[in-house]
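Next up is one chain by itself, shown in structure tokens, the form predicted on its own.
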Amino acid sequence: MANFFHISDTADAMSRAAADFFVERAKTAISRNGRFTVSLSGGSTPEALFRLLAASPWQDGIDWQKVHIFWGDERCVPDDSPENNARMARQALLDHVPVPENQICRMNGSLPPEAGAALYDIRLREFFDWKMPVFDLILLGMGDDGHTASLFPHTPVLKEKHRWAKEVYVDKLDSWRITLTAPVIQSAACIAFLVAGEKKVAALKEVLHGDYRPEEFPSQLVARNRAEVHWFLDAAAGKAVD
């Protein structure tokens, strides 16, 4: 297990550092394997990163024809909902870069949750030739409750060992989600967390330094079980590292 910390003075600087890292990882993967497989995250924090990647000089540094886009989780809402993670990524990034449409594999939140999750599970298995996915990069955020993707505290999906994508009902949000499961996230070649703000400090301290309680702090499933995890933090969130 190795955690690498990239702490920037501001959230904007954090996003620029993450954009540089994204481009570097894409170039390396394409050079080695002829493609770059990346799982995007939702929420507000990665939007600034996506807008940077859609602009020069970052956009120019990637061969987008060789990029394959996936998602870590999705809300079970219509495609045109402001809550839809794929919609945000399209508006901020994918509508502005030449990724072939057939290389964008979004989760379908318009279907019933179980059907949407089962469909994504099959699509992952087909793409990765029925072997455990090894994404070149998985982007993640972390909530102030320690959740990541849609792996929320005390939800049954935390114990899932066989499915690669699974539906989950989040009581406190009164909503259904689809999420990659912990075994898939843990198998990635590289993971990058983007975490900003003072309100994340308490949870991040527990994730990094507290007793191992993944039912309470699901991000520990990643931070304590991966070979290479990069944390992109602003100065406020970076206080948790001390």
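None of the values given here were measured: they were computed from a predicted structure. Quick note: we count residues from 1 along the sequence shown, nothing fancier.
Keep in mind that the form predicted in complex with ligand 6PG is missing from the display, and what follows is about it.
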| query | finding |
| --- | --- |
| One stretch from 154-162, 73-81, 128-136, 104-112 that, in the predicted complex, holds residues within 4.5 Å of ligand 6PG by heavy atom | 73-81 |
| In the predicted complex, the residue from G61, G210, G43, P183 that sits within 4.5 Å of ligand 6PG by heavy atoms | G43 |
| A117: touches ligand 6PG in the predicted complex, heavy atom cutoff 4.5 angstroms | no |
| Contact of P100 with ligand 6PG in the predicted complex (heavy atom, 4.5 Å) | no |
| Distance check, H147 to ligand 6PG in the predicted complex, heavy atom within 4.5 Å | yes |
| Stretch 175-192 - residues with a heavy atom within 4.5 Å of ligand 6PG in the predicted complex | R177 |
